[in-house]
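Given next are two forms of a protein chain, the same chain in both, each as structure tokens and marked structure 1 or structure 2.
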Structure 1
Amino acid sequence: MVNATLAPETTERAAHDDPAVGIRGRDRHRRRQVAVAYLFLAPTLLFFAVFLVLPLGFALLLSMSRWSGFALGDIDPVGLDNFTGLFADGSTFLAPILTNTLLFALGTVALALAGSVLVATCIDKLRFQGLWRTLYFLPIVTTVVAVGNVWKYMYEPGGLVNGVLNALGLGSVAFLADPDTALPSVVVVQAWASVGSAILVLTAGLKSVPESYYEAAALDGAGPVTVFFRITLPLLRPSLLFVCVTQFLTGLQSFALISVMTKGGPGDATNVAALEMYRQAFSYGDWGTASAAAFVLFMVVLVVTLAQLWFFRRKGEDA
């Protein structure tokens, strides 16, 4: 990095000192570099104009309009009606949909964090760490359609989970069909699918804990539990925070798994904000409400992101 930041200066000086490169030659070189740079960036800039700036403006416009989705001339501005509609009495957006979204994200983080902390600290003591990590990583490279359908099938009365429960002498559970168990059931799947990447981040964090800390603790006669709570966990805090925040953000936004497994049902038991946005637009053709829902969720995501930045910065100052 030091090399890289120093390098531009040295080349500039070289160009100044070099009598062979005259002022005009340098100017021409400069101008050509500007042209080449914009040529290289042209596809990117064009793409961001069409697929980033334009969509954001369009979505903002739609969120404040009523529109049936056909002719662009029919977009009817209604101010903040779509937003107030989302939070009006009788609207399902705040509860259960937004509540479900938060519960889904929180539940996933809690489960994935607990699982990954346990597994990561244990993997760190084993041989063949790469092999174990690979196994835990399999769900991450698997399409959500496969993950969702396999688990949906496993949750069925004749599926594997109930098969195990029955073998243990317990009664069957209607995991996805019962409104009370549906949300926890999909949370388990999301956590199952994301625990691998959390393990990856945490094992990297564990590698940075100096061996001497463990040796010192061992000399003082600390048991494994004490070591875990007094040394491992506190030193792992930055990685833990990172996992927490990124998984929470992912949890707030994700709806593909739910769309595959329950389509938000039964009723609205597993409906989340992003899925509701999708359905308002593409099932009911209410583009205005859908866009408003998208921006509300974006605000939630933004607040969480900013809180995260603030938290990390404060922690950084402490250190």
Structure 2
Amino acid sequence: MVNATLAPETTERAAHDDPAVGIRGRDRHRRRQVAVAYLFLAPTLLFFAVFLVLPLGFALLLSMSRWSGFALGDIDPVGLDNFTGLFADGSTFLAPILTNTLLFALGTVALALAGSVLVATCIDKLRFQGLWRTLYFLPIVTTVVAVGNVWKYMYEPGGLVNGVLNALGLGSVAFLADPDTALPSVVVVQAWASVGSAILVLTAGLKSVPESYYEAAALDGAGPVTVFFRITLPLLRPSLLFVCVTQFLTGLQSFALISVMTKGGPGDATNVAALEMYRQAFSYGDWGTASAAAFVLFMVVLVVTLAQLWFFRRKGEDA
């Protein structure tokens, strides 16, 4: 009777002391944890599968097909013809469309970055900083259509900008009607509209710079310019990286502002990749070319982003 009572305890103790049994138990516990984790992740994974993976796969299929956008049975595989057509002789995709896209993004980043650094530095030394940040952030919460239309009227021959030029004794400029000034004019608007978000990021970065650095620089007799280039800018590198990457991505994918202000004109002077994709798909019914252009733009965005990350990382290591 005593042996029968002790037998289960002895067996359980032996199983607990057996390494193989312990490993199998831990494996089962880990598998249960993974299964529960995937169960909780299932709604999110389903969402990404339906709205990201499937559209991406369909776009890849269309980029190697010819399709007018109606019946799925009309999809005609053409291999890489859509990609070669984008860069064939006589195609306007490489120049001026892709060139305009890069120039638009570069101009936006240069103006927005320079302006936001200057304004953020000034705000950091003023009172009521929250008020100033809010005022500069207002264009971000304003719809692109409203911003584009307001600036479009300001650029008119009788608009505010030409009115100021005339008051200064200068002649009127056809900002949006001249191919030489149309793209820079839209770049200015895009930079103005996006400078608010950059200011928020940079002012937060300025707050993280220890005051002891500035106190030590003042004791050494360093001037404001030296302090700015030797202390402020180097310590703002993470914030500058974030602003550069996000502004460049926004510039490369810009569509709505150009569509509202110039519709890509005059000619193709302000036509960019995103607008050309829209035209090919919805105006001309060439979904294959539009999808191929989308993948080319994706590669450009990827290369530019990786180049920016490499450049800032290399600069950080050199410092």
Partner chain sequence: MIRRRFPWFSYLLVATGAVLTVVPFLDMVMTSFKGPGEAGTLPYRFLPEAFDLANYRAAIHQLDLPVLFRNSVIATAVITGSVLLTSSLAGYALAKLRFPGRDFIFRLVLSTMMFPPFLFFIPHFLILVHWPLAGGNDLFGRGGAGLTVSIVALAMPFLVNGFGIFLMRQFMVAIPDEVLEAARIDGAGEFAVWWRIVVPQTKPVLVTLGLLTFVDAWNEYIWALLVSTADPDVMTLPVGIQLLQDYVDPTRTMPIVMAGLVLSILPVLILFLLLQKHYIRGVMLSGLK
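Sequence positions of structure 1, starting at 1, serve as the residue numbers. Note that the structure is a prediction, hence the values are computed from the model and not measured. Just so we're on the same page, rigid core means the largest C-alpha set that superposes within 1.5 Å between forms.
Source of structure 1: the form predicted in complex with the partner chain. For F282, the Cα coordinates differ by under 2 angstroms between structures 1 and 2 after the core has been superposed. In a rigid-core overlay of the protein, R32 has its C-alpha displaced by at least 2 Å between structures 1 and 2. Relative to the superposed core, G267 undergoes a C-alpha shift smaller than 2 Å between structures 1 and 2.
Core-superposed comparison between structures 1 and 2: T44 shows a Cα shift of 4.0 Å.
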